[in-house]
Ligand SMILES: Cc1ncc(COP(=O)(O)O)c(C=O)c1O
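Next up: a single chain in structure tokens, the form predicted on its own.
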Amino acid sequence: MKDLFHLDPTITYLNHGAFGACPKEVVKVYQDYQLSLERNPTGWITGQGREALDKSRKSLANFLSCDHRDLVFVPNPTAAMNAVMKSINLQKGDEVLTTNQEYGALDIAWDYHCHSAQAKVVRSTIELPIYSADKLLDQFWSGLTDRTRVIFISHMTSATALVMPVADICRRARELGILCIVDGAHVPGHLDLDLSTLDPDIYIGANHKWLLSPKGNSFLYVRTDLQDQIDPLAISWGYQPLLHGRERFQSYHQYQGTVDFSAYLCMDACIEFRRKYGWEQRTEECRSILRKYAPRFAEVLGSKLLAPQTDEWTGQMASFYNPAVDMLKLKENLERNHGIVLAVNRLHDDEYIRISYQPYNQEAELDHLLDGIREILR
């Protein structure tokens, strides 16, 4: 499978969760779109390109089980979240309920916007290891007050690579009348995602990670009745106050000045690649293999497993923590001396080493990683 990607054959690449890796077949489609743009920039951007954009958005919406009019493409989840944060009318004393497990860049963004509004970020402590969904939910909802106006939760956490019970949280938030925003950066193409069933208020996902798109391709989903409330980051030609609802939502967010949107046009190619190579079955095998190896990595790193190794909590990533091990130095040593690329993510003052496992990986590469860790820690 690795031959289907442009990955350097001399490295062991176990860091798909960071930036993804795009198949050669999809890269070819991406580059063909870029060439079409350069052959006739005016005609492409105002004509064929927009038609291709609509077609690609419909393909993505079908994959996610939602209406294509409720989706817009964005370059990355952080851009989408900042647009949402700027549009939320927080007042002095309002609270945003989230957890201590969220992505660092968005933690910073929430602190900034809440400080500006004299609002407050409440981070419920999720204790690790996790043993049950009921206990986790009790911990999360302990931060709820009568001042809570927004809930922000990761569908899958970045540093700790754990699946959160977002369906339960979305459901209760709706009952309470609280806006619920889900950060699903790691979910599309990784976990089953049916937006019509999950029914979040706002959902943000990356296509350039596990859905195998070229870099700079993500999406913002907003429930129809909330779309008029969400303004774009950039006010440009698409901003037409006379429009309403879905028509306005598309115009506002999709056309914000000159940009090469070729990456957005590759959804058909990504989905066809998955079908052609039986990607869902292959990734199921990946999950089983990584779960088999997870206890071995925990043992060699002197770490506990962060959650049960089941579909409820884990996917194709696994993270490990031991304060006695300098994870960043370990990562640098593995890359420099063993040709192994993986992630180390900082969560507050702790460092978690994170392994991603894709169908282009082999069990021998996990053995190579185990041997490398043992050698370095010795």
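From 1 onward, residues are counted along the sequence shown. These numbers come from a predicted model, not from an experiment.
Keep in mind that the form predicted in complex with the named molecule is not shown, yet the notes after this line are about it.
For the candidate spot formed by 291, 342 and 356, no residue has a non-hydrogen atom within 4.5 angstroms of the named molecule in the predicted bound form.
Among residues of the shown chain, residue 221 is not one whose heavy atoms approach the named molecule to within 4.5 Å in the predicted bound form. When the named molecule is considered in the predicted bound form, residue 156 lines it closely, a heavy atom lying within 4.5 Å. Residue 307 falls outside the set of residues with a heavy atom inside 4.5 Å of the named molecule in the predicted bound form. In the predicted bound form, none of the heavy atoms of residue 170 sits within 4.5 Å of a heavy atom of the named molecule. This chain lacks the partner; the member of 78, 148, 283, 99 within 4.5 angstroms of the named molecule in the predicted bound form by a non-hydrogen atom is 78. Note on contacts: among 181, 161, 270, 185, the single residue with a heavy atom within 4.5 Å of the named molecule in the predicted bound form is 185. Checking 298-306, 103-111, 258-266, 119-127 against the named molecule in the predicted bound form, the stretch whose residues place heavy atoms within 4.5 Å of it is 103-111.
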